[in-house]
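Only one chain is given next, in structure tokens, and it is the form predicted alone.
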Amino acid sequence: MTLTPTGWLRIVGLLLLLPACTPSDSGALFPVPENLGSVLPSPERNPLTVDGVELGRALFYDPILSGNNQVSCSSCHKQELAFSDGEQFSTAGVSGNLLLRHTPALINLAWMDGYFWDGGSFDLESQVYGPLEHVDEMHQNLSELEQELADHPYYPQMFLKAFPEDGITIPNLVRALAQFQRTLISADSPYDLHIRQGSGLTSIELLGFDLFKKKKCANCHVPDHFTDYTYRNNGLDDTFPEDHERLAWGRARITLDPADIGKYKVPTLRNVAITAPYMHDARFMTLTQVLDHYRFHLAESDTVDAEFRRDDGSLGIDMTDEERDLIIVFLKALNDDGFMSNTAFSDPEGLQ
């Protein structure tokens, strides 16, 4: 996004009309559906404000964040794909090089404990620095970025409104992006209508939901967040080489604990039908392939999760083809079309 003067004036004008927000106001200004917990988590050091969120949204879509002014956060996190990118490994970064892990979808991040597939960042604020500075992503010099923002015709005003004490700083940029990302809430799928109103799922989808629970899917992908926010080894591999700074170690790359080798973050299944391909390395193109992995192809290793063991100790989750297909029907009912079209999450250039 490179906003025209008219586009920027739309944003600034809207901000001037919005009320000031204090931490105590944030719950009312950013409501959360009851089945997700009713309260949007926000750290005391970076409380949600209308001005901070709007600044973060503008920055999210602005290629000014990249070293070549051509790559924005939205280059890899596309709203129409639930803020994923549909690629196995992205080449959208400044270098054009293939990234080594699959781009995750950005959904309900406010509840997450640790970010990136291995939890290498402990909060959204610290997570921002990774893509900003990585040579194969945005490859930005932060000192130069701060000066670019200071020289911009509209960002100084927006930063001062969001952060009146010190205006443009890189920590404030990070805070604003984190605030915006915390508002990316998806909870209006047919499943959610069923939970909150008692209608929304067809009889076939309800059969699939029942099987989803019976076949252990819900043990890791716990409703209503459809993740338990843990790290697990789901039997993708039986060897874990040390190439690329132990990338294949997963969570153990961060903790250095052998018990964490091969474990990766359990992703939410919300909008899963449109966020293919799947897994940290995007090895599966379809949901059928994913479920068949759990049926037939789990790899043995010292850290594979106990949830995937049968009573006799063998690996696998027993289900018929028909049961698999019914579970997939239910998973498609987790699609939240409004999330992909919500203008509050969209490029501000499109504001009317």
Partner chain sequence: MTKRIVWIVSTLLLVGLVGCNADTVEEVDPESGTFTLTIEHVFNDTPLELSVDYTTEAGLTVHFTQLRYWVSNVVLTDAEGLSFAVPESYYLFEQTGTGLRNSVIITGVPPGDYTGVTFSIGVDVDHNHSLDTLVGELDAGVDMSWSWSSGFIFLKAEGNYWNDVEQTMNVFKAHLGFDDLYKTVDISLEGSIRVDKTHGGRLVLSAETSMLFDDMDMTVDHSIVGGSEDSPAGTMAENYASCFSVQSTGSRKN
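Numbering follows the first chain given and starts at 1. No experiment lies behind these values; they were computed from the predicted model shown.
The form predicted together with the partner chain is left out here; the points below concern that form.
Annotated contacts: 45, 126 and 256 all touch the partner chain in the predicted complex [non-hydrogen atom within 4.5 angstroms]. Using a 4.5 angstroms limit between non-hydrogen atoms, residue 133 touches the partner chain in the predicted complex. Although the partner is absent from this view, residue 150 stays clear of the partner chain in the predicted complex, with no non-hydrogen atom inside 4.5 angstroms. A residue is said to contact a partner when one of its heavy atoms sits within 4.5 Å of a partner heavy atom; residue 174 meets this definition for the partner chain in the predicted complex.
The partner chain in the predicted complex is not approached by residue 156, whose heavy atoms all lie more than 4.5 angstroms from it.
Of the residues given (142, 98, 204, 193), 142 alone sits with a heavy atom within 4.5 Å of the partner chain in the predicted complex.
None of 75, 230, 121, 90 but one reaches within 4.5 angstroms of the partner chain in the predicted complex through a heavy atom, and that residue is 121. Comment: 239-247 is the region of 268-276, 239-247, 82-90, 222-230 lying near the partner chain in the predicted complex, near meaning a non-hydrogen atom within 4.5 Å.
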